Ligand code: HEM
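Single chain ahead, by itself, as structure tokens, in the form predicted on its own.
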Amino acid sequence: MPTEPAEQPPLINLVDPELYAKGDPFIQWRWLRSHQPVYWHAPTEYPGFWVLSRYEDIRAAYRDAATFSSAQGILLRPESHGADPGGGRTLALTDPPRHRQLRGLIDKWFSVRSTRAMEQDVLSVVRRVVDDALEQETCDFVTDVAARVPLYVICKMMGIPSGDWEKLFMLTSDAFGAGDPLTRRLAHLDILNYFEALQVDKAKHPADDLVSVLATASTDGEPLSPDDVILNCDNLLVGGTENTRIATAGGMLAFLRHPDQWQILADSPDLLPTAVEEVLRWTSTATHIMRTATRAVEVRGHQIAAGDRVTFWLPSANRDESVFSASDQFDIRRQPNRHLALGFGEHFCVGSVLARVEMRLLYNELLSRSVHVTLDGAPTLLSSIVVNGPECLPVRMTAF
């Protein structure tokens, strides 16, 4: 997303999807950080909500899960849509102690040790995807490269038969793309139906995979209900693919717009870990995260009532001038880089280590094979208040 200085107070409207596709939300966020870091956003088709735009305020709220609850949903929803059906049931939409119980079922699958053991499998996926893209010569980096790596990896971890990976790829592309709402809804229903059948099979014939873990799990002596298994499978598929896809593609777009940074990385591949962190900070693909106040609380002199919705605007936090020097510069050497792109506290992204590995291995594969990536058309950005970044990134890929 572009960024320009704001001299006059802008109109604040953070729930316009076109702002993220064609506008400059950083103007609004910069003004809010400077003038109203705790801001009441009037109702639209969405209910009214509080906006937190500064790094330290968001970090503190993340840490206080007892006050800022996830159980009623973590994303703004139009009033007409009602409550989130996953509220209180999925890993992302639960509070302690339930959150810790669910997280405990799958944590080891995403640990540093488990991820290291998977690196060769991830690398095989990366090489397969890059080979296919090179054979095409021109492709959409979002769908043909960045989307396939995390999807194929999480499908393997979930025990989804390899013959179904392409089916899930098509469904997730429809469900989380920016196209027709009816198409998205039908695709999401097809994903839920797929997991309904898969969890039945895994409950009868468990194997060494994530769906089997959930299908045979118990908490407090009670097995997870089939509906809870399905919703958590859906949550894993989304969490394991969507943000990594957009961050990886957004990172490539950043490198294309800042070729000096790609050259620095080519000359010093040891910078890959810090480059990935800067890509995560720069892209900040989760545009907002919502919490619901469980009690009255004061933030910077503003009284937030119990039941109020409170939103964290992560791209704003990760450009906070008081935390990040030259915050509007893309700098792969940036250290320290304590961004909040993957959350913080109780709800720190369970797949954060895996996401970093996927991004590092993909960029390294492009560098080590001297793959030259150039734009082959104008990128388009997602029209969404939930995630931000490239929807389409047409490129030409050639190896020298």
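The first residue of the shown sequence is 1; numbering continues from there. In this text, all values refer to a predicted model and were calculated from it rather than measured experimentally.
The same protein also exists as the form predicted in complex with protoporphyrin IX containing FE (HEM); that form is not shown, yet it is the one meant from here on.
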Item to complete: Note which of Met252, Ile154, Val130, Ile230 lies within 4.5 Å of protoporphyrin IX containing FE (HEM) in the predicted complex, where distance is taken over heavy atoms; exactly one does.
Response: Ile154
Worksheet item: Considering protoporphyrin IX containing FE (HEM) in the predicted complex, which of Ile191, Leu236, Val145, Leu198 comes within 4.5 Å of it through any heavy atom?
Response: Leu236
Worksheet item: Does protoporphyrin IX containing FE (HEM) come within 4.5 Å of any heavy atom of Asn243 in the predicted complex?
Response: yes
Worksheet item: Taking heavy atoms and a 4.5 Å cut-off, does Ala275 contact protoporphyrin IX containing FE (HEM) in the predicted complex?
Response: no
Worksheet item: For Ala317, is any heavy atom within 4.5 Å of protoporphyrin IX containing FE (HEM) in the predicted complex, or not?
Response: no
Item to complete: Answer for Phe110 alone: is it within 4.5 Å of protoporphyrin IX containing FE (HEM) in the predicted complex, judged on heavy atom distances?
Response: yes
Worksheet item: in the predicted complex, which of the stretches 327-335, 348-356, 29-37, 49-57 has residues with heavy atoms within 4.5 Å of protoporphyrin IX containing FE (HEM)?
Response: 348-356
Fill in: Residues Leu91, Leu280 and Ile289 all lining protoporphyrin IX containing FE (HEM) in the predicted complex, heavy atom within 4.5 Å
yes
Response to the item:
Applying a 4.5 angstroms cut-off on non-hydrogen atoms, the residues of 61-100 near protoporphyrin IX containing FE (HEM) in the predicted complex are Tyr62, Ile74, Leu91, Ala92, His99
